[in-house]
Structures are given as structure tokens and as C-alpha cells.
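Here we start with a single chain on its own, the form predicted alone, put down as C-alpha cells.
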Amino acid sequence: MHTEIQPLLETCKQLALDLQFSHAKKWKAEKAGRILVGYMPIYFPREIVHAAGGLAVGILGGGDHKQIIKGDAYYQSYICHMPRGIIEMALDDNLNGFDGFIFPSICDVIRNLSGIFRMLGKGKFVKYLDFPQNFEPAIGGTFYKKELQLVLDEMFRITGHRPTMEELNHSIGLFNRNRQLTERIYDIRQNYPWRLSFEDLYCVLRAGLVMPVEEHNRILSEILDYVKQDVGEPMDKIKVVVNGAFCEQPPLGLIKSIEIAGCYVVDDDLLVGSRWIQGDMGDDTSDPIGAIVDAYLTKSTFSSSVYDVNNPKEARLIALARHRRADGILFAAASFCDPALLDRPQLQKACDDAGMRYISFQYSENTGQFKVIKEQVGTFSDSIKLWEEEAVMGN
């Protein structure tokens, strides 16, 4: 690792794992009128908060850095761990200073979490953002536009400012750039994954959830310049796509274990909200909210939280793995994650039909032992390399 990039990566790691959200709170304190709007996984159009003079901050749970004591009293034991971590953060005042909270529709757990935040009186507003499952513009588009307008109304009640068309277009352009830089880094890592570890990439992207997009774009530009260089040494590892970790996040130790076990992760859905829109939104239009809505209807990635009868996610997953020239897929789902685990059989069947190798395992955000998963992934990696060697010798 070149020394000039290491301090930047260390800074990103600190910001990514800072459960006090110190960087975001410092940004708010620097200028009167700024607001912080926390949002839970998976996707939220941060453009509208940026245009309103605020900062949308991703809240992903306590991970393995937060002991859960009070949070266990609010949820039953047979659901995922993340909401308990978020409740613990709220009760421990980690989220003080936030003006509002957005809970995008993922599952019943997130819906209930929004209700608990209302009961606790957290923030000046709490909004459960119900994304459309009908992708017809006249139906789902109209509904989604009204939902976004409700969020804008809530922010207006705090700031007294409604973003102009120019401000919205400007914000859309900045986030377009953010996605462009991110995808360019992924594209380079597809061929040269040793230039930037998956752990480092994850921390860089997660740090972007707690800082202004302008600042994150500068960081991504530096990372992109770095991965363009001939740095690092290739190792005997297979390339994999990680699927199913779109909401509750695996701890860094698990991400490291996957790499140590012999895998280069060339694509994933861990922070899929940052890459949800595939391509650019229109950033020079008289109806920027309409452009955000249209992008969701026509350019969304696939996810277990989205109804996809006309665009099956199993076909899109196989296409992604082939595009990345992956040797296999790791199905990594949080324990008790209904959307991911209910989808897994049909996704695995698609892999069987397509001849795509895969393994599957479960985790929780506070997982402390990775030995079993590491051995499973390592065996998977070794078996693929062995098959490839035998195929070469057979020819």
C-alpha cells in the first residue's frame, strides 16, 4: 500500500465506524440553518436533502462496536439484529442532533422501527417512506412523487426553505458524479482487485454516508487515481459477487475473513443504496423531482425488497456475475432477514440452471467468530481453483 493513500483510508475507516456521527454533527454546527436527516437502509434519494441545505446521513446499526442492552427490550429475539442496535443508539443519545429520520420500506421490522422512533420522540419528524412496487409512471410514479413531497414539506417546516429547480438539478448532478466515480472504481477492481482491498473500498463508500457529497466526491477521485496505478501484487484468489447483505451490515472482521479465505469481491450489495440508481438521473430539467422518480422507476438495481415480476432479480444477478467475470457467488444474508432468505432458493436455482457456483451463509452485525464462515469460504475458493486446474490438465 502506497503511504500517500493510507492516511485517507484510515480516515474513511474511522468515519465509517463512528457511531457518534461526529463528522456530520460538526458539519451541521458550522453553519446556521443546516439540518441532519438520518435514513435507514437501503435506498433514499439524498439529493432532495442536499438541495434543501441538509445532509442525509446513513444509519446502519451498531455493528460489533455497540453492546445491546436496552434495545433487546423493544424487539423479539427472532428478527434481525440491526434494529436493536439502532434503538440502542437512539436511547444512548448517539442520534441527538438529528432533525429527522427516514425509514425506507424494506420489511415490517423497519416499519415498526419508525413507530418506535415516534414513540420515543426522536427528531422533529419521522417518516416511513413507502416506495412504489408498481413501476407504471401514472401509478407508482405519482405515488412516489407525493411521498418525496411529504419529505420536502417536513424539511420546509424546519428550515423555511424549499429547494429551487436549480438547487435540485445541482444536487442531482453531484450525486450523478458520485455514482460515476464509484462505478469506475468497481470497473477497475473487476480486473485488478488487489489494488484496493474490499475492506478499504467498503469503508470508503460507507464514509460517504456521513459527509457532504462534495467532500466524498473528492475522496472518490483520489481513490480512483490510486487504483488506476499499477500497485499491489495479484494473489491466487477467486473472484466472487456477494449478494444478500443489503440491509444489516456484516462486521469488518467478516469482510476481512472473506478476503483472507481466498476471495476477491468484485461486486456486492452491502451498501447498495449508494449505487441504487444504475446510470445518471436527469440533472438539467424543469422537473427535477420527476427525474428522481423516473430514475427509480427505470434505473433501479435489483433487490429482495423490490417486487420484480417483470424484471426478475435472479436473471439480473447471473448477468452481474458474468459481467464481473466472477467465479462464484457468496449468498450472505443477515440472520432472520426475511427478504433475503425468502429469495435465496430462487436465486440459487438460477445459479444451478446457469452453472454458476455458489455457497451461502448467515451472519449478524455483532458476529464475533468467523472461523466457520472463513473455512467454508476457503473450501469454496480452493475447490474452484482445483476444478480449474483439472480442467486445464484435461485439455
Partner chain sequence: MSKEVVKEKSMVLQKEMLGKHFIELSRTHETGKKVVYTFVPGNLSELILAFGMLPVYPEINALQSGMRKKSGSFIREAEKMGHSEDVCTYVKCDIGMMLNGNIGPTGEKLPPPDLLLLSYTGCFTFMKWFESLERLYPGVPVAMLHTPYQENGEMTEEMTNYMVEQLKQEVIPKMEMVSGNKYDESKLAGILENSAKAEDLIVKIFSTTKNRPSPIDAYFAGVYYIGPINSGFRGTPEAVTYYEALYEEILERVRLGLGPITPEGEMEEERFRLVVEGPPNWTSFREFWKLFYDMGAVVVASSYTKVGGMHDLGFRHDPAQPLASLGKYCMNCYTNLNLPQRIDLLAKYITEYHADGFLVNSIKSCNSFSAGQLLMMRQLEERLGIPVSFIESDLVDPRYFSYSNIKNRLDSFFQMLDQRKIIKGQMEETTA
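Residue numbers count along the first chain shown, from 1. Worth saying up front: this structure is predicted, and the values here are computed from it rather than measured.
Heads up, the form predicted together with the partner chain isn't pictured, but that's what we're talking about next.
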Tell me, please, which stretch of 61-69, 32-40, 334-342, 46-54 lies within 4.5 angstroms of the partner chain in the predicted bound form when heavy atoms are compared? 334-342
Contact between Ser286 and the partner chain in the predicted bound form at 4.5 Å, heavy atoms? no
Does Glu214 reach the partner chain in the predicted bound form if we count a contact as any heavy atom within 4.5 Å? no
Applying a 4.5 Å heavy atom distance criterion, does Ile116 contact the partner chain in the predicted bound form? yes
Report yes if any heavy atom of Asp294 sits within 4.5 Å of a heavy atom of the partner chain in the predicted bound form; otherwise report no. no
The one option of Val126, Leu95, Val272, Val210 with any heavy atom within 4.5 Å of the partner chain in the predicted bound form is Val126
Answer key: of Arg111, His323, His161, Lys299, within 4.5 Å of the partner chain in the predicted bound form (heavy atoms) is Arg111
Who in 355-370 is close to the partner chain in the predicted bound form, meaning a heavy atom within 4.5 Å? Gln362
